[in-house]
Every structure is written in C-alpha cells, then in structure tokens.
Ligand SMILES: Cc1ncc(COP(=O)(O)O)c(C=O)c1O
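Single chain ahead, by itself, as structure tokens, in the form predicted alone.
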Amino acid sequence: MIPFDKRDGKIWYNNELIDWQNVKLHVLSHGLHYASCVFEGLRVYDGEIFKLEEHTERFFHSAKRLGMDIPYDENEINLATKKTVAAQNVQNGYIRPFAWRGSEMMAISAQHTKIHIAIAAWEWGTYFDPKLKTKGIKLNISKWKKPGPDTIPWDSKASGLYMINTLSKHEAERDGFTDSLMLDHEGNIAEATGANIFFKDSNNEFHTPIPDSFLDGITRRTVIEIARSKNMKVHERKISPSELPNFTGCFLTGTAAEVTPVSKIDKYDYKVCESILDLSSSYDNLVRKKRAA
C-alpha cells in the first residue's frame, strides 16, 4: 500500500486545492500535541457521496463540542467536499474532512490558535477483508472501557477519543482477532473500535446498545430504519456481556464497516444468518441507489 504522504492528487486545505504531497502542518501544531482535532468519515459510491449533509452537520457539532469555530459554513464545506471528490475522480472510496488547532500557541490553553480545515478523498474498498462479509469477523473483548459521559465530549468525533480504540484493535489483531468489542464505563456492551454493534436473538429480533457514551452512528441509524421498514423489531437498550451466549447472530455497522457480520466474540460463536445478509444487501442497494424511484 502506498503511504498516505506519498500519494498523488489534490487535498482541499484552508479553501485551496493543494498538491497532495505539498500539504504541510507544523510539528508544533496544537492538534498534534493535545488532540484538539475533529474529523469525519464519508463514503463515495458510484461517484455519489452518501449522506454528505448529515456528516457535515456532525462535523460542525464535533467542532463546537471542542470549542472550535470552523471558519466556513456547512454549505461551503459540502461544496468543498464535492470539489475534492471531483478533483480526485473518486468513484468508490472514502472522504476524510478534519479540523485542528494550529501552532500559534503551545500550551493547554489554545484560545488564539487558528482552526485549519482539510478534506482528503481516495479510492478505497471494504474496511475488512471482503471474504469476511459472508464468513463474519471475530472480536475479542477489550480491556479498555469507554469513558463515562461526564468525563469526555463523548458525542463528538474527536481524535483523542480514539486512542483506546487503536490500542484495543492492535491487541485484538495481535491475538488473531479482526476487531475488538468495547464495554462502556458501567461494564455494558458499547461498540467495536470503529463501528456500532447489533445482536440478533432466536426470535429474529435485533438488539443494539443505547448510544449514551459513544457515537450514535449515521450508518447505525440508517440500518435501524431499514430493519424497521422490513417489520423487523429493533430494541435499543443496555446490553450486558452476560447476554452474549443468548444471541444467535451479530453484526457491525459503520461508514467504513458498512454492514459486517460477526461470527465470534471471545468464546461465543454466531451464525451469519439470512436476516443479517438481507440487511447488508439492502444497505448496499440503498447506498448505490439500486432501488425503485
């Protein structure tokens, strides 16, 4: 894989399309040292950006939660995102908008730092191995818990919140798993390292944790809508790890993960059943607009 700093093309950077390898920031940028950075992740399917406005709205919400004033409005960021995708000619790929504090101040206080914005886009396939979309991925259970909602801006997509996710995923991969299941501060099931999680019971009903200390994913909400449109019951509730042996199926949802079945969590096995594959297919049809007008 080509390192990301060695790629070609253009990146939208502070209202200009800059040559990819010429986009620079100073090593003393506040965002690098103190994680004063927020970001988004969007998908492009067949040349079209999926749920652009919803992602941009969350981008601004995240920035506001970190006290960062983005120097553009939402419409300008939407247009810049489209401009970046067009410049890169991305047909099926990923978009990463992000905002961070600059190098004007180097201390905890950063009231007078400049807020920088960049948007990058590139061709990209599936997040997990494509073969695992039918076989299912394997999760361990992370030793790291999601912090309490009174300790962090949990409803933001802020870079600092992902440190324990990276640690969890590295430990999972080291031990032969694909990803890691993370618990919340109360010990209930929360999410995977970059995706929300759903379980299926023997009655073909779905259960998913209440997002009260982690992101309520845009893909999560979309899949709930799809399931309910098919008259499938979806219960949003607290789920204890002690319930893991009671479920028959499991899957993850996320912009990167899309709908990915799970075949194993720790010592518990799950079936990649027809109802989960149907949700995955319906999601694929939605994002690629393979539906009746």
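In this text, all values refer to a predicted model and were calculated from it rather than measured experimentally. Numbers follow the displayed sequence, beginning with 1.
As for the form predicted in complex with the named molecule, it is not shown, yet the points below apply to it.
- With the partner omitted from this view, the residue of N140, N188, S103, T219 that lies near the named molecule in the model of the complex is T219 [heavy atom within 4.5 Å].
- Note on the partner interface in the model of the complex: the residue among V85, L181, I119, A195 having a heavy atom within 4.5 angstroms of the named molecule is A195.
- For the chain shown alone, G254 is a contact residue for the named molecule in the model of the complex, at least one non-hydrogen atom being within 4.5 angstroms.
- Taking non-hydrogen atoms only, V90 never approaches the named molecule to within 4.5 angstroms in the model of the complex.
- Shown alone here, N165 lies within 4.5 Å of the named molecule in the model of the complex, counting heavy atoms only.
- Shown alone here, K133 lies farther than 4.5 Å from the named molecule in the model of the complex, counting heavy atoms only.
- Heavy atoms within 4.5 Å of the named molecule in the model of the complex belong, among the stretches 199-207, 169-177, 111-119, 156-164, to residues of 156-164.
- Looking at 38-71, the residues that come within 4.5 Å of the named molecule in the model of the complex, counting any heavy atom, are H55, R58.
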